[in-house]
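Let's start with one chain on its own, the form predicted alone, as structure tokens.
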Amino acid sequence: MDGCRWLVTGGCGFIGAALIGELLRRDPDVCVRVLDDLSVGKPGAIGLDGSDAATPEDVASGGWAPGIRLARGDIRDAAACRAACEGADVIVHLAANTGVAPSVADPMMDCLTNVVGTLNMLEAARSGGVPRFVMASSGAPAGEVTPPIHEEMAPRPVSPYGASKLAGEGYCSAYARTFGIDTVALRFGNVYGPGSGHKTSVVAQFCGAVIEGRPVRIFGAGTQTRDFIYLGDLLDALFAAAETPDIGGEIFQIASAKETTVNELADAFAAVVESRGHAVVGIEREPPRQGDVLRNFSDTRKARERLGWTPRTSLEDGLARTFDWFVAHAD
């Protein structure tokens, strides 16, 4: 992939910023274009400030050059998507409405962002002749099924978020088979790691609570299970999806392949923070969230066999690295 031109949507967010940092580490002269509306992520996450942002059209007119160019634009804007995609070799599509709760609160917004936004990006890739398109998906399309979740299961999404991600996967499949774009959809597990200070996911919430001296919050009984994947392992999967030949139209489960209850996560987290001289001050129990599934973990054999990918980071090591980052970046 040396010399490739990368377009990363949502590149100022948690995963996008980490991906761009790794791209620069691997090749300081890499060409990266970021399309982000800056509603969540901030330019500082990729070493820029607000003055670095330009319209997608202005960024495209400047062509590609080593370093990062930030195009401020919305994936719901088809013209902005076309301009940003011009000349790209690889698109990593991370921009999305993320999470079940926002989709339940506003299903229309979720659809417009995750379905129409993804379709806009695919159309832009088609018109621009971009050969590889990697989409961030989720285990949510599978819905309430008996895990482990694998790629051949019939999807039955429970939440609007799961439905919108399933639609995005469907469009990726269609564009691979009809238009010949090498689309790859990665179903992320529950991603955690350094840089997640603005996230409301469970590990980030636990870390923030300890730093601020608040009780950690658990929805429901805490017996619901999730599959927690460390950020560094996820980045390995993104690179494999961008680089591996002959995988157009495929979906891959990207997770640890281990089932962990939220209560077990809380126990492991408490042990980590206590080893560093901190403490969990208590647990607040709240009602279960509408649209949450009870069990969720993945069978990742397909990713191992087709992508050559396996996760390397244990939950304990990942929690320690994440908490250390929160401590280092506490106000």
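Keep in mind that what you see is a predicted model, and the values were worked out from it rather than measured. Residue numbers here begin at 1 and follow the sequence given.
A second form of this protein, the form predicted together with a small molecule, is not displayed here; the remarks below concern that form.
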query	finding
Triplet 41, 161 and 198 all within 4.5 Å of the small molecule in the predicted bound form via a heavy atom	yes
Proximity of residue 309 to the small molecule in the predicted bound form, heavy atoms at 4.5 Å	no
Contact of residue 168 with the small molecule in the predicted bound form (heavy atom, 4.5 Å)	no
Touches the small molecule in the predicted bound form: residue 148 (any heavy atom, 4.5 Å)	no
4.5 Å heavy atom contact, residue 190 to the small molecule in the predicted bound form	yes
Option touching the small molecule, based on a heavy atom within 4.5 Å in the predicted bound form, out of 247, 96, 90, 80	96
Contact residue in the predicted bound form, chosen from 259, 74, 106, 236 - any heavy atom within 4.5 Å of the small molecule	74
Options 124-132, 168-176, 204-212, 181-189; stretch whose heavy atom lies within 4.5 Å of the small molecule in the predicted bound form	181-189
